[in-house]
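We begin with a single chain expressed as structure tokens, specifically the form predicted on its own.
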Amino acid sequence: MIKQSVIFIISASIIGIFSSILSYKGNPINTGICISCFMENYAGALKLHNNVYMQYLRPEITFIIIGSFISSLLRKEFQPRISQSIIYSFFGGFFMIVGSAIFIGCPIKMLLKLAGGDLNALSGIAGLISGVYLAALLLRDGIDTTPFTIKKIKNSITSYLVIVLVIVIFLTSMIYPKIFAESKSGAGAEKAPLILSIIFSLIIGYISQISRFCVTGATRNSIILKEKTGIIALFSLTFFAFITNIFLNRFNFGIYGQAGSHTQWLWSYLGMLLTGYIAVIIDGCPFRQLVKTGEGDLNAQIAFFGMLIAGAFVQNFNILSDSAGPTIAGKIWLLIGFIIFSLITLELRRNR
């Protein structure tokens, strides 16, 4: 137990350090790792949306999955599995990206923003904690757990679907790069050297499979089980990213004029509240869904497709935020997400 806790904390620390270095080496500011932003880039590269500033086949997506896959194979933990809650996984993946798009960043980027001096991250942190706490109350009060009962599958080819897909897409991009769209300017054009992104992402995926690291999971365990490991890990990720930023002269303390951020705190709060709530329901934040995908989890792979489609959707229909805050469409779809998951919650409680 102590060994696992140490690995969990080390995993979080590595993510913090590597993320800051990736940002320093070319990824957008405070965006060394951001699954929601990267999903939007990835969808753009596949020509699923036409925002020329958000198109890049982010290698971090591919190699976090591959790193997890390699780790699970070596540790004999690759296990094809599925539960009846696949519809929750799909919509969960979709609306976690919607919530993140309103905040402008996934839960990991939320911590990286704070480590970079962006105080607007505090509203997102408050929202995430609130969402996780509400979901934790639901779980503690009792719901119908039947849809979440995991069934192991023997020799399921479908468990390799997303793993093979991202590898094939990546190799194709190396051989025939013109098939894919790629930004010439904007956030999509801001990228760390390919080899560095590959190495760091492999390591992050590998160690995160071992540790089971998840921002919302760590928050949930701190709230429900009163475990200190989770909060220490989140503090470590933020602290080591902060120290790295200081060392690299990438720390910018303040509220206004922060890159990839806005001052509409209420909507940032609500965006992360929805993301945190959903992450507890479907067992994992966007980052954790990638890691579980590498382990053969079919629900996580369904969530992956939900996140990918959402990455295109938020761009095509302007369901996102910029420096001025969320759009009207973004606010509407965030509220739609709350309605859908409120209905799902009522259904789970009704059937308990």
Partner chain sequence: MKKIDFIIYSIIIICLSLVIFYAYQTDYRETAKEDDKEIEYISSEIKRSKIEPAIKLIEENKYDEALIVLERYKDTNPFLLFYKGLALYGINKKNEGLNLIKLALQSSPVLYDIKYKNNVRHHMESILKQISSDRDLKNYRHFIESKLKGGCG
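Positions refer to the first chain, counted from 1. Owing to the predicted nature of the structure, the values given are computational and were not obtained by experimental measurement.
Heads up, the form predicted in complex with the partner chain isn't pictured, but that's what we're talking about next.
S.K.: Heavy atoms within 4.5 Å of the partner chain in the predicted bound form: which of the stretches 172 to 180, 277 to 285, 228 to 236, 200 to 208 has them?
M.R.: Single hit among the candidates: 172 to 180.
S.K.: Considering the partner chain in the predicted bound form, which of S71, N221, Q258, T244 comes within 4.5 Å of it through any heavy atom?
M.R.: Exactly one listed residue reaches within 4.5 Å, namely Q258.
S.K.: Taking 4.5 Å between heavy atoms as the contact cutoff, choose which of N252, S130, Q84, Q79 touches the partner chain in the predicted bound form.
M.R.: Exactly one residue meets the criterion: N252.
S.K.: In the predicted bound form, does L320 have a heavy atom within 4.5 Å of the partner chain?
M.R.: Yes, L320 lies within 4.5 Å of the partner chain in the predicted bound form.
S.K.: Using 4.5 Å between non-hydrogen atoms, is V52 touching the partner chain in the predicted bound form?
M.R.: Yes - in the predicted bound form, heavy atoms of V52 and the partner chain come within 4.5 Å of each other.
S.K.: Does the partner chain come within 4.5 Å of any heavy atom of T149 in the predicted bound form?
M.R.: The answer is no: T149 has no heavy atom within 4.5 Å of the partner chain.
S.K.: Whether S156 contacts the partner chain in the predicted bound form should be assessed with a 4.5 Å heavy atom distance threshold; does it?
M.R.: Taking the distances in the predicted bound form, the answer for S156 is no, it never comes within 4.5 Å of the partner chain.
S.K.: Hey, which residues along 171 to 194 are within 4.5 angstroms of the partner chain in the predicted bound form, non-hydrogen atoms only?
M.R.: Contacts from 171 to 194: I175, Y176, K178, K184, S185, A187, E190.
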